[in-house]
Each structure stands twice: as structure tokens, then as C-alpha cells.
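Read the single chain below, which is given as C-alpha cells and is the form predicted alone.
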Amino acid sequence: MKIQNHVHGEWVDGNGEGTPLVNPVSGEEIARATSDGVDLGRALDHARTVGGPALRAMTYAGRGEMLGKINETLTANRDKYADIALRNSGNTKIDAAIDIDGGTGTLFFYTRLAGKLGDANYLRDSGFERMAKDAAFQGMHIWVPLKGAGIHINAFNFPSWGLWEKAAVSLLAGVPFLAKPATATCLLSYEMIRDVIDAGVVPEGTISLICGGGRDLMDHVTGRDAVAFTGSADTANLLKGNANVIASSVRFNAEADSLNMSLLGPDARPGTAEFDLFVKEVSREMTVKAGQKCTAIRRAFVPAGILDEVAGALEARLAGTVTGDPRNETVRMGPLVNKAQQRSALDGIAQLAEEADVITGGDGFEPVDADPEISSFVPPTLLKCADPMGARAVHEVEVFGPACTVMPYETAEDAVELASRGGGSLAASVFTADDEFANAATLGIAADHGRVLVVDAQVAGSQTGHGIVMPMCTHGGPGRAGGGEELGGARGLRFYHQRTAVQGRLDRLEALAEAGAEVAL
């Protein structure tokens, strides 16, 4: 099977044999993808000149109805997508649900938000700004959709959620997009977009798709476009450094590497609910999607006096994780997406092991119903570093797989310092019943993290989890994490709008304000 590209309103074959997509359990080739020979400049121009005007002619409520129809189309084909996630990504049922339902759930959220924005086609800030003695002359701020295209570059681990969480915001804003999923797992993105195009629920030019290399994509963007990137920091820096991107001052939002952390409070001793919740969450974050989540817990900080007890509890829990072919009903963790990711993860673990002890994982691992030589498995690997203040690799090397290092801290101030050594992260979590410690830790680590989850026994049954991104909260992080921000309800629309100050006669401004949808961006 050769995957096609959707550009300038047509399905187009790329040139050459393409890149093989494989089943990470069996090594079987399931498809090939290439975008060689596709005119990316023409693709973006079609999106801007055909898709853009069609979307901007719709109100926010109308675009919301469109999102709802996209969601209905995807929901009707969910079983097909789950099978693709199994074959191309090695996902368990839970892994596939996080990706597929995460995408449709985000579409549903923005469908409802569109209803609140109503029959307007631009946004406005609240209030007016008086600038002279004469009250008749004032100012206001409006937000209008960009007249370019969104360029959405996604990572291999979430071919559904990564696609639709960007698409939902872009389409609601009135901006068409070109999606460039990671080639290794692009089959799911392709099938989803093909179903949406075939259903006829979006105007021509609204959605474009490139499966294969991006080649000279950045050479064709303009100052009217907006690039939303998820992937490695090295790739983000390469794209941001493109001469055309710099010269055109192209909007660029990056979500990159992240050494996310979880913190166990000093009150959460063995036997407390918070201790048990921490152990459960760390082990879950290590094993869901085989640790291939940008928000997964990579560093776990615990009170120094109970380091061994925490490590022992995690070791015991991980021992119950059956790893192998997800077709086996007993399996709870699948493989990494391919051999390249397996090699990268094993290399990273080896670097961590130079300054930390390996507690679980290591030699002798045998996946269930899979050949370890052909498949791409990495066992759940827990490490213990007794001297995190003197270590470097544990704060610098991200293993994008099922690995986490547990480390001790002496004081709350030490915990905050250790958290900051990650260089900026997407997510952190704090497990404690102590309100004073919870607030101090949150404020201490907030500057280095895009999101902080605080868990105690009272929210145990309702908390959404350390690694789960919710569309009503912002997603992104400072420093190493890319410095970007997306989602966050209406806040996500800001990236695809231009804020403009309008100065004039007050009654004219009042009429302009009346026709816009008031939001706080």
C-alpha cells in the first residue's frame, strides 16, 4: 500500500518507493509513504487562497458545526483506527484510546466552545481604552483570523491526538492547515483525513496532508502563516532557523523534549493514600504507550528517608506489567514504535546507568508472543540515583520510552532545585496531603513547568493523570520544552489570530465591539 498526499484539493502520489511503515511487533511492512515531487508551495497557496476565504466566511458557530461533523465521521470509524494503531504503533487498547479518543474529545470540546462564541467571525477584548480628555475618542482591541495557513508538524507517538488537537483550534479560528505527521506512524493520520475528505464535511482547501519528508516546506511559509511543531528540540531549532522563517517573522510554536518530574511530599509515608497514588502514577506513566509520551514522568523525587521503600514499591508494581504483543489479552505494555526508537531508548538508559542503579529491566527480557530480535520492545526500566545533586545525565538525557529514575531530596528547597535542573518541562505532579507543602512546591516549580498537577486522597478518583493533556488547560512548557503554548480553551485561538488596536470614535467602536465575540486571550 502506498499512502497518498492531499494537496490543492487532490489526492496525489509521491515519487519513488517511499519510506516503509512497519509493525513494531512483527517487523512486517504495512505501507509506504513519500511526498517526493509534491509541490508544497502550490499546496500552501491553495490552502491560503481557497480554504482560508471559505473558513473566514463562516462564523465561529458555523465552524463549530463543521468540527462536530468531523468528530461524527471519526467516531463512526473508530474500530478501524484502533486496528491501525495496533498494527502501525503497537498500541494496546488503552494506548489507542488515549490517542484516538484524545483527538475526538478535543474536537468535541472545541465544538462546544464554538457555540459560546456564537455568530461572530472575529474576537474582541473587553472594555475600551480612554486616551484623551474627550471621551468620544477611545481605543479597543480586536482579534481577526490570520489570512495564511497553519503548518502542523506532528510527532510519531500521537498520530490522532497530535493531528486533531492542532486542527480543532486552527479550524475554529478560521485558518486552514497543512498537516505533516511523522512518517513512521502516518497511516492513522492519513486514514482519518481521507475519511473526513470523503465525507465532504469541510470546504476544499481547508485540510491538506503531507505523508513523507517535509523537504523545503519552511521555504514556502509567509508572515501570514503559523507553524505549530511537536517533536525533538533539535528539529524545532533547525526549522526555526530557516532563513525564510526568520526573514518573514513566521509564528512558530514548539513543543519539544521534556524531562517531566513527579514529587512525593514529606508527609506521604508508606501506608498513606498519597504514597500509593504516587507509586501507581509513576508506574502508569512509565508503561502507558510504552513511555512514549512527551508528558511522561522521567524523574521521580522522594523524601531521602524512604528512597528504598519507594523504589521497592515501584519495582513490585512494575513486576506485574506484562509486556509483549498487544493482541495477547494479558499484555499491558506494547513495543516502541520502531527499531530506531528502541536503539535510542537503550542508548539513553545506558547513559543513565552510568550514574544510577538499574532496578528493573536489563538483560534477559523476553516479550510475550514476540521475537526480541525482530520486535522493538524495551522493558519497563526503573533506575535509582542516590546523588541527584551530583548527577548530570538524569537531568539532561530523556529516554523516550518506559524508563524513569527515582531520586531522593532532603528539603523542599532541594526538591525545587532538582526540578529546575530539567531545564524546563511540560508537566509536573505533586503528591501530598499537606496544603502548605503543596502550595510552596507548586509556586517553587511553576516557572520551570507548563502544568502542575497536585494530587491527594480527596481528588484520587477524579484527577485526570499526570500525562493526560486536557483541552481546557494550556499545554506547553518553557526552556527545553520548547517555550510554546497551545490549547487552553479559547486561549489556543490566540495563535491563529492577529490582535489589532483600533482607535476611533466611541460609538463606532461600540458597534464594532457588539459584532465581535468577547473573550479573554
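We number the residues from 1 along the sequence you see. Keep in mind that this is a model prediction, so the values were computed, not measured.
One more form of this protein should be noted, the form predicted together with a small molecule, which is absent from this view; the next part is about it.
Residue-level contacts in the model of the complex: of Lys289, His449, Lys180, Arg124, one residue has a heavy atom within 4.5 Å of the small molecule, and it is Lys180. A single residue from the set Asn157, Thr360, Asn88, Ser283 has any heavy atom within 4.5 angstroms of the small molecule in the model of the complex; that residue is Asn157.
Proximity of Ser429 to the small molecule in the model of the complex: non-hydrogen atoms within 4.5 Å are absent; the residue sits far from the partner.
The closest non-hydrogen atom of Thr230 lies within 4.5 Å of the small molecule in the model of the complex. Proximity of Ala97 to the small molecule in the model of the complex: non-hydrogen atoms within 4.5 Å are absent; the residue sits far from the partner.
In the model of the complex, the small molecule lies farther than 4.5 Å from every heavy atom of Lys93. Taken together, Asn328, Gln342 and Pro372 are entirely out of contact with the small molecule in the model of the complex: none brings a heavy atom within 4.5 Å. Look at 148-156, 430-438, 349-357, 102-110: in the model of the complex, residues with non-hydrogen atoms within 4.5 angstroms of the small molecule sit in 148-156.
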